[in-house]
Every structure is written in structure tokens, then in C-alpha cells.
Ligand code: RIB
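Form predicted alone, single chain, as C-alpha cells, below.
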């Protein structure tokens, strides 16, 4: 495996963010207070987060031959992300509508994955030499689940540590759990996957234990402002969140965490230290608007860790 080399397989969509102090009802038109457009998609955001956090990153996905696809390709050039396995298609590139509450920074998102949802297991198989050279392989659930499971299974068979961020939450086939060295759900995703209500730290521990029992080797339940619960056969610890300033936009926080977490694991940090690093990346990202644009650079993360 390559030192500090992270491969991310996932989605690219263009984010269309609308700032408002109220969600309109069906049939209602409501005037918002702001608008932003930029690169997004969970996989793409995590690739950017990992690159800015200090890793060499390759991204496996598919985009259209359109303006949104051009935005994706420019993003990866700017961030020095390898795109040898970024496939092109005549289908339109995906998009996400993100509604951000103007007062509390909470968000509601509708994603249409578009071109990236055409990524096939056969195309992922072409990236086998790339995956084999990685120190970590990261996937999410904005691709077809059979493609996600194929990528995880391929990386696992090659001895590459696998991270599944099971977002957006959905029921998963039992066969996928054993392919996950690390799984990183938030409360909602943990609840969807396990069928257990996750409202407290104790609930999160129960959900994590249920995932361990199904074959996952390490579970990190991200808990927003409460931090992240870490569970494995030998570890049970709550890692606090970082306060890096006023919270502006929480949209990309989970992606920031996963990108930073992957980098720390690729560098050989232990589980708790890697979670702490991921929490620091996320803590900075929420103080800025947007998803990929909000991801901090390595020196900022190191400075926050030193202050803490």
C-alpha cells in the first residue's frame, strides 16, 4: 500500500444552496436571502477534504460532458486530485438542492445523483491497481449499492483498509458489513441501518454494538456537536467535538470528518487519534459556508489540534 495515499470512490454533484429562514410549504413561493453554487457530492467532498488535509488522493466516479462536469474536473485540477478513473458519460451530471436555515445553519438536502449513478462494478474493477496501492479506500451510498459493495469487497480482498460512510442512510445487504473495516454513520444513518432509535450516547453505543455484531470491525457514530462515539472490540470512547468558531453551515461536516479520518488512518494513527483528527477537520468546516469550499487545509487542522 502507498504511504498516505487515499482512494475515494463516490459521487460528484453540483451543489445549489439556498439560504432561507423558513421552508416553504408545498405550493408556496418564499423569498430566500442567499444563493451559492459549487462542487459537491459526498464522495467528491471527502476527496477534497482528504487532499487538503494532506493526503495524495485519487477519485473514482463518473460525470457528464456538461457544465457541471466541467466544474468537477476543474475542482480536481485545483485540488491536485488524481482523476485517472473519473469516467465521462453523455448523461447529465448530478445536482443537489441544499436549503440552509439562515439562523441556525441546519440544512435539508435533495440529491439527484445523475451521471455518477452510472458507475459500474466493471469500471471500478479497472481501478484495481490504483486501489491496491492505497493506504485507505473510502466509499459512501450515493452510488448504486452493488457498485459500493464491489469496491469495498475489492479493496478488502487486496488488504486495503475500507471505510464506509453509510450516507445517505438506507437498509444494507448483510453481505456488505464484513467488507467494512470502518463504518461511520451519523445518528440518523445508524438508526436506519440497525432499526434502533439513536437519541442518546447509550443508544449510539447500542447501535454501534449491533453493527459490530454484523461484521463491521470498527464503528464511529458521529454525533454533531456532541462529538463522535468510537467502538471496536477493544475501544469504547466518546471523542469531543471541536469548537473552532461560530457555526455557519453544517452541510459538509460529515464529509469533512470522513476525509480527515481517512487521512489520519492512512498516516498510521490509531483509531481514537484518527477520529480526533476527523473531528478537528469537521469543526473547522462548519465555520464556513458551502461543502467542498469549506474544507480546511492541513496547517489549520494542526493549529486547532495544538490549541485544543
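Because the structure is a prediction, the values reported are computed rather than measured. Residue numbers count along the first chain shown, from 1.
One more form of this protein exists, namely the form predicted together with the named molecule; it is left out here, but the text below deals with it.
Not displayed here, the named molecule is kept clear of residue 62 by more than 4.5 Å at the level of heavy atoms in the predicted complex. The named molecule is not drawn, but in the predicted complex it has a heavy atom within 4.5 Å of residue 41. In the predicted complex, the named molecule sits beyond 4.5 Å of every heavy atom of residue 278.
By the criterion of a heavy atom within 4.5 Å, residue 9 is excluded from the residues contacting the named molecule in the predicted complex. Note on the partner interface in the predicted complex: the residue among 178, 99, 111, 212 having a heavy atom within 4.5 angstroms of the named molecule is 111. The chain is drawn here without the named molecule; in the predicted complex, the stretch among 249-257, 47-55, 25-33, 269-277 whose residues come within 4.5 Å of it by any heavy atom is 249-257. Scanning 52-81 for heavy atoms within 4.5 Å of the named molecule in the predicted complex gives no residues at all.
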